[in-house]
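Given next, in structure tokens, is a single chain: the form predicted on its own.
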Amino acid sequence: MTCPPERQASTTIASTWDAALYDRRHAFVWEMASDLVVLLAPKHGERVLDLGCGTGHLTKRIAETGATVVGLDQSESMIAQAKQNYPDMTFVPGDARDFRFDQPFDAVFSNAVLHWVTPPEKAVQCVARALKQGGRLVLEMGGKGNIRALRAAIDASLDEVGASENKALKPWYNPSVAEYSGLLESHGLLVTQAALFSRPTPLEGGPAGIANWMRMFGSMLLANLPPATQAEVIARIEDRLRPSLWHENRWVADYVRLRVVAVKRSVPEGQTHPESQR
């Protein structure tokens, strides 16, 4: 499948994911989202889409409630690992900005994914189309202010090694409550809960926590640099962040999360939301 130019950047990012590293060193991504599954409150027999399912751990938790769950992810590496982890479950490759299913869903669930997706309105259009009338969206993503200190250290370190142009490769979209709520509601999704909150997040790997994070989530910023320069950038980032993010022999990332619950608004019989038909 070929991608239009507007989707090439995220396609490239997805192709760099290391699913084995993700499972081995970044379990916090799904472990810290257990209460998001509680918020979703999946019911037996419901049809749920896990949008950006990664290696399938939260997809499995949702399925354990008796819901029928489909996991979708753009990364072939993630999908392959998810199928290996849970061979009896359904995982399919797909782009969050361009997917369709024959049957609508009672709920769409998404954790730590939508801050990677641009333009964001494309994903929202697909979600609105995928939901039944009255169906719900439950999501968590990086919000406004997310990894502010880490991003500043990355920028300064790239400048120092003569790779300032790499700063333009940062893919993260971190909206405010007002920005994302307005986007959802403009596509027929009524926001019923929304919160922006700080969640300092310990990174796995002890002293290697920042290096692991960069190789997993910042690899696109380093990919065109020689290995020695990559190592130098990471070392400079660590030096800058040590006074603020190194605590009790571990790195603690300055995460800010945006959590939203929205419901697809009902419309009179025989009518549809215009955005759901795009």
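Start at 1 with the first residue shown and count on from there. In this text, all values refer to a predicted model and were calculated from it rather than measured experimentally.
One more form of this protein, predicted together with ligand BEZ, exists but is not displayed; see below.
Contact check for 99, 125 and 129: none of the three has a heavy atom within 4.5 Å of ligand BEZ in the predicted complex.
Within this chain, residue 86 is remote from the site of ligand BEZ in the predicted complex, having no heavy atom within 4.5 Å. Ligand BEZ is not shown here, but in the predicted complex it comes within 4.5 Å of a heavy atom of residue 146. Contact check for residue 213: a heavy atom falls within 4.5 Å of ligand BEZ in the predicted complex. Ligand BEZ in the predicted complex comes within 4.5 Å of no heavy atom belonging to residue 151. Proximity to ligand BEZ in the predicted complex, defined as a heavy atom within 4.5 Å, holds among 93, 120, 142, 104 only for 142. The stretch among 110-118, 188-196, 157-165, 67-75 whose residues place heavy atoms within 4.5 Å of ligand BEZ in the predicted complex is 110-118. Taking ligand BEZ as it sits in the predicted complex, the stretch 151-189 comes within 4.5 angstroms of it through a non-hydrogen atom at just one residue, 172.
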